[in-house]
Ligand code: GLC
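Just the one chain here, the form predicted alone, laid out as structure tokens.
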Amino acid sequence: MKKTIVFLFVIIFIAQNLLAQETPSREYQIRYQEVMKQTQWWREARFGMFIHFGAYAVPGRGEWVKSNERLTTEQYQKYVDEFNPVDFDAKKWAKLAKEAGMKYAVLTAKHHDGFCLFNTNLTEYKLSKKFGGRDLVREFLDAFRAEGLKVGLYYSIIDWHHPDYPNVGNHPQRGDSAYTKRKFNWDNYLKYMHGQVEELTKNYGKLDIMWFDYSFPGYYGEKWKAKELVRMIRTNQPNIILDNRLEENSGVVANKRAISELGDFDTPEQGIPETALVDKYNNPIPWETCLTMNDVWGYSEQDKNWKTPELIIHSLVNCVSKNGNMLLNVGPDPRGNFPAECVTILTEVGKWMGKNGESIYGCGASTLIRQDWGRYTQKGDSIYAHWLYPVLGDINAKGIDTESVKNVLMLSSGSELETYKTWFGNKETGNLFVKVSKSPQKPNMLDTVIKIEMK
């Protein structure tokens, strides 16, 4: 009798939970499928380059210098006057991105300081005016497309320079009572902002990504007339994908959210989620971690806290193992050169990608449980075991039925590796031990990848 009662309670509990789960509407399902289709190329690419470039490179204290030091537009002007990227060579940038194994790139067309790198007709606050008429954004797009990379533009929807943008959020003159008394015409600012986005999406050929930055409390969604903005963008660029920073809580990992009309992918920043991101119906959603190579996005003369090639590769593998992308930033110096340290790091990453990119491109999460030695990525019937961390003994790809294994190979060379079911008396089921090296050291100290082909 007691067993029957317990059983009934269990059934009731399960039924209540099933009833409590929301069922996605047909409209949501259609939108979800649209997003997954639009982002398919991007989710297969997995690795991109972010480039933060602007007048803030001149003070060399990061892209937030105007806000951090509460500089007025007049005080900031000396950096705008001095900014002259005479060494800028978009072809050189594109070549390095491709050699590093990146498949797409995103450039700041306009950051929060309002200074434009593209030849906009809506303001004189632009580089082309004093750069021999050269349009740096157009040169970037042409060069990266020529290398076969997809292209995107970053555009800040906030603007610390525009006279109709109020001193809210992190505006340099926040808290300035005299500045607050100015008359701000918000509709006029929105007309300007929408107008510049229209220029970018109509005058520069096919764009693959539009990367907006950023919303904050009280300024998100329809405060920006976001629906109208997105409709215009998708009319001009039907196949473009958009980040989620027109939305509330933008840039923050908002797991179990609902995909909206305003963005196609989530944008965690300077960190990697603990698990793959899903919507509130537990469907996987597209996401991308954006990451700096040192501590700031724009150029910093003093910041030498560079991430190692090993950490960058481990971070990329971490993202892909959770169905995510990684957008790795470079901040060129005032003359337009990538810092030498960035070039060195990207060159090393590129060497690894040249041998092991198969374990990144088109890959995603595996159903196998992560082991102490590293992480898995998977593409179809191919499982990639990334040996990242020191381990005693051989690699145990636990959870794989050895009878279903076709081949086990060292990915970088294609050579066969010895495998066996038991090691040192371990006779548990689901063990696939792989002898990778006679040395306790990894053959590739950055990340040794074992390819396991299933039948």
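Quick caveat, the model's predicted, so the values are computed rather than measured. The first residue of the sequence shown is number 1, and the count goes up from there.
Absent from the display: the form predicted in complex with the ligand. The rest refers to it.
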Out of 91 to 99, 131 to 139, 206 to 214, 174 to 182, where are the residues with a heavy atom within 4.5 Å of the ligand in the model of the complex?
-> 206 to 214
Applying a 4.5 Å heavy atom distance criterion, does C290 contact the ligand in the model of the complex?
-> yes
Would H386 show up as a contact with the ligand in the model of the complex if we use heavy atoms at 4.5 Å?
-> no
Using heavy atoms and a 4.5 Å limit, would one call Y28 a contact residue for the ligand in the model of the complex?
-> no
Classify F50 as contacting or not contacting the ligand in the model of the complex by the rule of any non-hydrogen atom within 4.5 angstroms, answering yes or no.
-> yes
Of K103, H111, K126, R375, the one that lies within 4.5 Å of the ligand in the model of the complex (heavy atoms) = H111
Option touching the ligand, based on a heavy atom within 4.5 Å in the model of the complex, out of D279, E358, E269, E199 = E269
Is any part of 59 to 90 within 4.5 angstroms of the ligand in the model of the complex by a non-hydrogen atom, and which residues would that be?
-> E63, W64
